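One chain comes next, on its own, written out as structure tokens in the form predicted alone.
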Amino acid sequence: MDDLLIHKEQINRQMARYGVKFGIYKNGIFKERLFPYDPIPRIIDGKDYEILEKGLIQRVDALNMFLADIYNEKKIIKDGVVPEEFVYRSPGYLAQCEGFTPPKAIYSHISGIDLVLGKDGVWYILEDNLRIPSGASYPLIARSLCRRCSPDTFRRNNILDNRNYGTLLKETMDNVNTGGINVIFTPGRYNAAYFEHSFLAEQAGVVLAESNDLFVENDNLYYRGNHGTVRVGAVYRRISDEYLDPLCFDPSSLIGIPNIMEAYRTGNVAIVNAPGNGVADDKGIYYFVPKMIKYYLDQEPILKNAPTFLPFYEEDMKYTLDNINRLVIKDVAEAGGYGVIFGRDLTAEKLEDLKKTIINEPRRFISQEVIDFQDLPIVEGDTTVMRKADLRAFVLSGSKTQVWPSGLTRFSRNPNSFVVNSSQGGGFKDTWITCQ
């Protein structure tokens, strides 16, 4: 591992050459910055990983069943397990997707599940990302560059190989492909994760396309390439629901594909991930996932949620207001580390203002106990310091549900911050899973 420390600057320079960047819009201006890489890997013991793997598969299977249910029979609502308020008022719920089940009944083909390891030794799920979760490309290319710089490191350490992500992605798309080529659909060069779109297209051996390359005719999606026009059977879209089809969602979208939803509903193309998934990764719905696991699978949840309270319920409202100074409050409509408020950081006046907002808009917020999660070592200058870090695990649902034996470990570069998101200035590490 010492070799990786020696080659840190070389690896970061190579990443810069490859364009391993993360783009951010700030004050209406697009800025790209390098996604800082730290050479000290997160190491997860093989036995611990077995438990994680089972728990992640269980959770994603239940979430896929939930999505299939609420867009069709709505049993979980009728049985009173999830209040209809939390489904129909979710910004991620799309009425345009009602009454339709996508190929193989899979909604979330690529799920990004965010976890932290508490100082009590327990893994806690913080968030489910079922729309367009990003980040798999970063540990993938980091491992590749590290192998070149220090091949002996990987000969000496018995860790699971992570180079199969492209193969897993292709197999996942092939599983739902309705007849035609596989395409990764990118909004273009100025998207925050454009590097990932192009890198994954190369790794999976699929076509990278923008909206100008794709069109719908006779309810089929086609790719217009240099060698003619070919039908598309599965499209891994890296664009938000609202911009996907201007004839179905936001009419002002210039980066979508007109009529792609008609081709999708006709069953002529699979969309990875399915439109409408946002209802299942709503922070309000997060509270109900353990209940979903019991409801759909008749199993006890293997992995825990962070202790969470819904001000929607009178008892939880009281608890939230009484303990607001030590809780973290999250706006359910926000993502990327935005809309996260630590009560301990607010003045008495700000706390009172926040209480009034919660009372007036109880569906808008969840509150959670602050989990004191583990710090990991990072290299800062010539020293090693400890920083908060989470883990984004990638779960792929194809002919079976499987967890990629790697993951994106993100860390805060601020010694006083619990927020590790790349959009908030964090860095990343590789994640090593040891063989048993």
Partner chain sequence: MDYVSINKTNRLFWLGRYYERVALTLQYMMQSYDMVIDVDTFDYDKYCRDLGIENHYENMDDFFNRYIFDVEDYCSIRSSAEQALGNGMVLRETIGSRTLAYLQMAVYSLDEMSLPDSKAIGLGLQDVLDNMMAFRGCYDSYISDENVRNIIKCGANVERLSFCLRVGYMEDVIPVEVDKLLKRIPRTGLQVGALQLQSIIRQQRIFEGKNPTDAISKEDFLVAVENLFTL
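Numbering follows the first chain given and starts at 1. It should be emphasised that the depicted structure is a prediction, and the values quoted were computed from it without experimental measurement.
Only in words, not in the display: the form predicted together with the partner chain, which the text now covers.
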| property | result |
| --- | --- |
| Interface membership of residue 339, the partner chain in the model of the complex, 4.5 Å heavy atom rule | no |
| Residue contact check: residue 379 to the partner chain in the model of the complex, 4.5 Å heavy atom | no |
| In the model of the complex, residue 212 touching the partner chain (heavy atom, 4.5 Å) | yes |
| Partner contact for residue 189 in the model of the complex: the partner chain, 4.5 angstroms, heavy atom | yes |
| Options 303-311, 253-261, 232-240, 197-205; stretch whose heavy atom lies within 4.5 Å of the partner chain in the model of the complex | 197-205 |
| Answer option from 118, 267, 225, 91, heavy atom within 4.5 Å of the partner chain in the model of the complex | 225 |
| One residue of 328, 317, 76, 181 in contact with the partner chain, assessed in the model of the complex (non-hydrogen atom, 4.5 angstroms) | 181 |
